[in-house]
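Only one chain is included here, represented as structure tokens and corresponding to the form predicted alone.
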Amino acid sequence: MKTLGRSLAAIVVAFLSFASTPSYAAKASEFMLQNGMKIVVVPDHRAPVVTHMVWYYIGGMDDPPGLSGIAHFFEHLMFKGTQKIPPGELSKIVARNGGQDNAMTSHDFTTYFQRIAKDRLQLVMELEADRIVNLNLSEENVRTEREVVREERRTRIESDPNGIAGEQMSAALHLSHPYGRPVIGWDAEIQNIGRPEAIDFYQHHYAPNNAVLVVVGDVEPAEVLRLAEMTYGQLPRREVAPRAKVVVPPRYAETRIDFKLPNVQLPSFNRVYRVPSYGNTKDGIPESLDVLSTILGGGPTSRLYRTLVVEKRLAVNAGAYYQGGARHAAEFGVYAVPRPGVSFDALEAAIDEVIATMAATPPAAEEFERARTRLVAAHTYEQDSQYALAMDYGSSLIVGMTIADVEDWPNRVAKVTPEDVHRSASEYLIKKEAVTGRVSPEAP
């Protein structure tokens, strides 16, 4: 979750009281078309616009063996046109109608979205429905887009020291689990994706019964359902390949990697822990990890920043994060950039001391309340964004959560206690579930 600056957090304290659980009214309506497509509608009448998102139960973890990156590859191919729409024309049509569009792929999902005037909602539904079944998977489209993806990998990963380090650390953290494969794919395996592989993947993953439609904006649920039945409702069901039933392999020891890489501007220390996620754990554990990450490394008042940067002057930056939106194991990270002349050993010892203190004793009441308030305040202010709302619902539903889970999140955070945070730190921030990486310049 995002965090807020001190001034904004102080403002929201006036109206957020944790003496009792706050009440958040349900906002979304949920439907199911006869072909199996799920529909979620969140009315928001503050502006005459809509955010339209189609989420697929397809991500990097669904890539077949030897074809890593094919889910991400399809994010590109979906813009290559259909029998009706020439390559690249969909985005131009959206733009000519005053809208914006884009897409993204993660390990757990692929999503396509448009933000547009409310009276153009049927248009983007027609465009999206068309490419679910009529995608132009010509030999030329597959070949040219494959090279585009390979160039993207070279730019985003292979030319970036942090990209290389992050990819290697993720592979070491998750071992044989598919989360250890890069979403963009390994280059040698991207080269294995040809037209037959693309057609097979498309036919067994892109289907209305493998998707969730999320519409947030100046609409009513009945209106969206009517338009969805006119467009998506006309698409046939497909036999969808079942998602792989993978087991999270056990870890028995910490992994350490020292990177000596070219083009490193500043050395950095990074540690990633494998921890429970919102998709695979209940009982308030993910919420406590969210609060823990805020106390430990959420901004200039956090323990890591205050200790390493302000008090001991060992680092120029330090922080922590929790990426809890996953079907399987999530990642909890801590990082720091050492000051010139400060050794990695000195920096790591100070980081370990901060984490050990967090695991030994519950946080003080004032520190705890400030972190919890910032989390809920950030969530509250994000409701002003249609895009943030649509992302919140879509990314949660796609990993197995429910609408009730999404809308009750502030209430669950309000129930987290200092003891819960202390328990999560002691149980989950443990070395055998972590990969520690040190990134420094390659020796001349």
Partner chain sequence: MNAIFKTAILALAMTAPSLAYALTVKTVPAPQGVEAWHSEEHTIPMIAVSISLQGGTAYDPADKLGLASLTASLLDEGAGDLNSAAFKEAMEKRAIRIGFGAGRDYLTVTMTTLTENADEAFRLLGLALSQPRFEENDIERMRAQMLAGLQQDEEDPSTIASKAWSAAYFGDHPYGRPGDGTEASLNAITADDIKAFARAHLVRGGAKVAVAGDITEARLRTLLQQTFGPLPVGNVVAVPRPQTIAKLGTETIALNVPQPAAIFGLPGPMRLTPDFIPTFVANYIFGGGGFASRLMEEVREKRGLTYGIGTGQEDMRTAAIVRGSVESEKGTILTALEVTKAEMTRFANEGVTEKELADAKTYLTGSFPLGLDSNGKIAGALGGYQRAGLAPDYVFKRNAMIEAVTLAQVNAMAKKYYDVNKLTIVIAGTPAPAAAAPAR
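Computed from a predicted structure; not experimentally measured. Numbering follows the first chain given and starts at 1.
Note that the form predicted together with its partner chain isn't included here; everything after this is about it.
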Out of 54-62, 27-35, 405-413, 40-48, where are the residues with a heavy atom within 4.5 Å of its partner chain in the predicted bound form? 40-48
Among Leu266, Tyr305 and Arg339, does every residue place a heavy atom within 4.5 Å of its partner chain in the predicted bound form? yes
Are any of the heavy atoms in Ser343 no more than 4.5 Å from a heavy atom of its partner chain in the predicted bound form? no
Test of understanding: in the predicted bound form, would His205 fall inside 4.5 Å of its partner chain by heavy atoms? no
Is Thr380 a contact residue for its partner chain in the predicted bound form, using a 4.5 Å heavy atom cut-off? yes
Heavy atom to heavy atom, is Asn210 within 4.5 Å of its partner chain in the predicted bound form? no
Heavy atom within 4.5 Å of its partner chain in the predicted bound form - residue from Asp258, Glu239, Glu366, Asp283: Glu366
Which of Ile93, Val248, Ile199, Leu225 has a heavy atom within 4.5 Å of its partner chain in the predicted bound form? Ile93
Give, in sequence order, every residue of 236-255 that has a heavy atom within 4.5 Å of its partner chain in the predicted bound form, or say none if there are no such residues. none
